[in-house]
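A single chain, nothing else alongside it, follows as structure tokens in the form predicted on its own.
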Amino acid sequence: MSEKNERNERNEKNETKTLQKSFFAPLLGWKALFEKPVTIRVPKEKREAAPRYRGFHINDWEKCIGCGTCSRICPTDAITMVEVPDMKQEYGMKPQRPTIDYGRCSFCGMCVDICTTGSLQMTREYIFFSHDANDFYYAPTERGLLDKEPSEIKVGWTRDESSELLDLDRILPDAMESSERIDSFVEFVKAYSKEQAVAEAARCVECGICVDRCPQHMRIPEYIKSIWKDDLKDALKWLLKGDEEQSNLGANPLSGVCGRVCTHRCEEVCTISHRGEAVAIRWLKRYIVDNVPIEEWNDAVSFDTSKTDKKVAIVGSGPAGLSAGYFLASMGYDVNVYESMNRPGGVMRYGIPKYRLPDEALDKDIAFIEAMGVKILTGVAVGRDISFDELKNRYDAIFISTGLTLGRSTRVPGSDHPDVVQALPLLREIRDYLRGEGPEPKIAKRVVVIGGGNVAMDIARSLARLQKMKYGEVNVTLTCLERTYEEMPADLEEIEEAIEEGITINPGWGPKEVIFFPDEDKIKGLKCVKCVEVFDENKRFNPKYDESQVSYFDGDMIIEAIGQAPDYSYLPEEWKAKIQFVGPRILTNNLRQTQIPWLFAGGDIVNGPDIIHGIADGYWAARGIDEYLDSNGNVEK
């Protein structure tokens, strides 16, 4: 029989069966007439629900972070996020919890499927009586609608692989292998492709918890959504202008920098990270800046300002200084930035290695800030080339953001030797050497680095590259007080990449003395003792050692990278005496105003080393200066 005839015969048989079924269907229902019905006497009797039954909800308030993802996905608008009175506001959590209206709930289970922390679940409970309709609108807790002990509640519908609604795996940007990157200072992490960026942007649930954690409160969900919509000019607008209805809060004029070297605190609280990997917010920011040509920035971002006759001086062109200049210029002020180095950028230019932050990326951000009208005077040191008092007489307000430019020493015996050097000055020498603006720094064959922070990692990895380029091998040892990688203040990715590049890391050792070859003024290495405790019970830095455990680390050169200190030598004693300090840091109000009304401060000298915090300081200082000058028509000096 042919295939066609076989198919026709099968169709005829099916049609016959369908006719027979249709004819007898009314009669088939009569057979149930005499069967005993199943009766459930509610609420006295209860039939056990199936294991995957979708009943009333429970919510673990300890796990719940109030992200509201359940509310946004609910197809019937049955879930509302409600503020909880007296709930403590913490980073990574909103003081809200979901409330469910069972008059609307369709029990689809999508809220459980998408819950970012797994706190929201459905039970097998399905019977509840009340004459009050308000009782069917409640905020589920671990005790559920029936107020039972959690141990008595049987869980029903649970999420599985087929119902998972979140993409938990981060898309990593392409990067050079360690064996390849160690031979040069080329930026080894590549930018996202369009496909990678859109896919990563799609992982965002738009909860906004990251916005609260960001010191500058950048509008992260908005610019990520613009990436997903493939509208990079709109995304750039969110980066550079922030929320226009809130005085540009969230704007970041150094987004190209932050897209590479930001401490990305926002990612620490990403709701997706509770069950998977955080959205790559930092890399997505870089994708925007790298893919919108600088000549198109003015089309995407413009400020409607009227020029004022007031002038502001900024001392220091680091993150805080450049940020303050940007925002002040957007308000119409005449801004001059004084920078003692030959190039602007501060720590971004001279303290961060080229393989992490190339000059081209920094220059792109600075070019736009200058295009706003900010004038940067390089090679002009306040206190040397121009006095602070002269600035006071020339300008209506001053913002100081001079950073932490002095290194700290261990002061152990032998640390005054010329081959025991500070990390920051050496990083500056390396940057100048690589851009052809300075001589080759000393490159020892064996190097010991003291410190466990990012600066220690930066100098260790920079010297490893120089060693590989000059000697063909890496011989860098890093030691620090912190006893584990987790305790070390350096980013974990920095630690992992350093190890990949051949650097030996020995945590848990404190420097005791520099060791020299007998009868020679030549360093042999570093003697260390075991550190058993870094902080005391009050979490104050108070290291304790086991002197019986000793270790020696060989090296011809020792680098100290144990912290930095500010240099206030440019401030006359008259004004310094009027400023209030907390340790080495300057105390300001929330608008970064010091005790001297016309003097504002920000950046590392106020809040410690952190680029994004410095940018936030610049924003609030600009707001503060604007408020001060506006309220003092005839500015008091």
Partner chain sequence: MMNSMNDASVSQELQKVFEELKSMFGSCEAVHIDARQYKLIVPSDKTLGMLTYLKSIGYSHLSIITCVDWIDEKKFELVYILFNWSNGATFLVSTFIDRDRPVFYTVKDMWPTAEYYERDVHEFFGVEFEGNENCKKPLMLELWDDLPPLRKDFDPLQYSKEHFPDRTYEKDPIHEARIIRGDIEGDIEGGEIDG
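Computed from a predicted model, the values in this text were never measured in an experiment. Positions refer to the first chain, counted from 1.
Form predicted together with its partner chain: not shown, discussed below.
Asker: Can you check 336-344, 291-299, 120-128, 269-277 and let me know which stretch has heavy atoms within 4.5 Å of its partner chain in the predicted complex?
Answerer: Of the options given, it is 120-128.
Asker: Residue 581 versus its partner chain, in the predicted complex: is there a non-hydrogen atom within 4.5 Å?
Answerer: Output for residue 581 is no: heavy atoms all beyond 4.5 Å of its partner chain.
Asker: Does its partner chain come within 4.5 Å of any heavy atom of residue 551 in the predicted complex?
Answerer: Residue 551: no, not in contact with its partner chain in the predicted complex.
Asker: Heavy atom to heavy atom, is residue 97 within 4.5 Å of its partner chain in the predicted complex?
Answerer: Yes, residue 97 sits close enough to its partner chain in the predicted complex that at least one of its heavy atoms falls within 4.5 Å.
Asker: Can you tell me if residue 303 lies within 4.5 angstroms of its partner chain in the predicted complex, counting non-hydrogen atoms only?
Answerer: So residue 303 does not count as contacting its partner chain.
Asker: Exactly one of 147, 520, 473, 161 has a non-hydrogen atom within 4.5 Å of its partner chain in the predicted complex; which residue is it?
Answerer: Looking at the other structure, the residue within range turns out to be 147.
Asker: To verify the annotation, which of these, 433, 516, 138, 535, has a non-hydrogen atom within 4.5 Å of its partner chain in the predicted complex?
Answerer: Selected option: 138.
Asker: Can all three of 483, 524 and 543 be found with a heavy atom no more than 4.5 Å from its partner chain in the predicted complex?
Answerer: No.
Asker: Check each residue of 83-112 against its partner chain in the predicted complex and list those with a heavy atom within 4.5 Å, in sequence order.
Answerer: Result: 83, 84, 85, 86, 97, 99, 101, 104.
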